[in-house]
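Only one chain is given next, in structure tokens, and it is the form predicted alone.
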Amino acid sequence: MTERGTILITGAGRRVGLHVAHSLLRDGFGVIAHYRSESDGVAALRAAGATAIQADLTRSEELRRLLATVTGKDEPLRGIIHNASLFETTREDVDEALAQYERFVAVHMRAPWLINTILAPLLAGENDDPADIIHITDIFADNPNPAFDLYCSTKAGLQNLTLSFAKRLAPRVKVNAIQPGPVLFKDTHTAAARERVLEETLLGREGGAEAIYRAVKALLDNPYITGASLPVDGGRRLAQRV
């Protein structure tokens, strides 16, 4: 165990999760990095000292295996960061949409609930301060886009779980949410789409993955915040059109 303790982060194999995992390692935390698919990013985390565990969170048996691996280490956890996410428009076909909904619920709600419930006894803060659970939700949890209604509703469910676990695990564990906005565009975003989003963002620029890590670090460092949702969106939630 490292001096600052170990943090489990889901969805750590790419993009924001990968950056957060590397940043935690740099700042002296141990990292257990969950990932779904092998990648150069996962290999880099292993080389940097992280413990990498593969699991498809939509599959109950793989989720259980992830939990068994973490509990089998018999080491305390400084925190848990739920970053794993699926993001798709709602399918037009009803049967396809229902199958899609099951995947969203599994990743955004069922897995965080089970991980928090099973691993809560392992959570231990630094000195006399509480440990941390951080849920990465979305500004659309508060202002949903109908084209993404299934995604938005399950992110809203995760945000509600923030409140439930904040009550359940206090005072030993703080539980908070981070609501990203346009922090990291995908390659599939067209120039026109990027321009439209940034026009709706008060600070007028893409935030970058570091903006999320700074929010994570702020929550880890402050022992007196729980049950909060912190927008990291450049102000887009105040002006966005759905």
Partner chain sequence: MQDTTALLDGKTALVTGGARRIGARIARLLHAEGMNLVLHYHRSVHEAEALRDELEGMRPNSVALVQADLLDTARLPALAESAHAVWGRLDVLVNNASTFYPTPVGEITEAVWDDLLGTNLKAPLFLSQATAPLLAEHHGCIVNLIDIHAVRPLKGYPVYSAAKAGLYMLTQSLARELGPRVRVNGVAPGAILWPEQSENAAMHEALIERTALKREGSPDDVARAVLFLVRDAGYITGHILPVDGGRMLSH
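Residue numbers count along the first chain shown, from 1. Model, not experiment: these values are computed from the prediction.
Just so you know, the form predicted in complex with the partner chain exists too; it's not on screen, but the next bit is about it.
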| query | finding |
| --- | --- |
| Listed residue (A166, A106, L86, L119) with a non-hydrogen atom within 4.5 angstroms of the partner chain in the model of the complex | A166 |
| Triplet L67, T71 and H135 all within 4.5 Å of the partner chain in the model of the complex via a heavy atom | no |
| Answer range among 144 to 152, 106 to 114, 86 to 94, 121 to 129 for contact with the partner chain, defined in the model of the complex as heavy atoms within 4.5 Å | 121 to 129 |
| Contact test in the model of the complex: A52 vs the partner chain, heavy atoms, 4.5 Å | no |
| Contact flag, G234 vs the partner chain in the model of the complex, heavy atom cut 4.5 Å | yes |
| In the model of the complex, L25 touching the partner chain (heavy atom, 4.5 Å) | no |
| Proximity of P182 to the partner chain in the model of the complex, heavy atoms at 4.5 Å | yes |
| Sequence-ordered residues of 205 to 230 touching the partner chain in the model of the complex, heavy atom within 4.5 Å | R205, E206, G207, G208, A209, E210, A211, R214, A215, A218, D221, N222, P223, Y224, I225, T226, G227, A228, S229, L230 |
| Closer or farther in the model of the complex: C-alpha pair Y224, N127 (3 angstroms or more) | closer |
| CA-CA separation of S229 and N127, closer or farther in the model of the complex than in the form shown [shift of 3 angstroms or more] | closer |
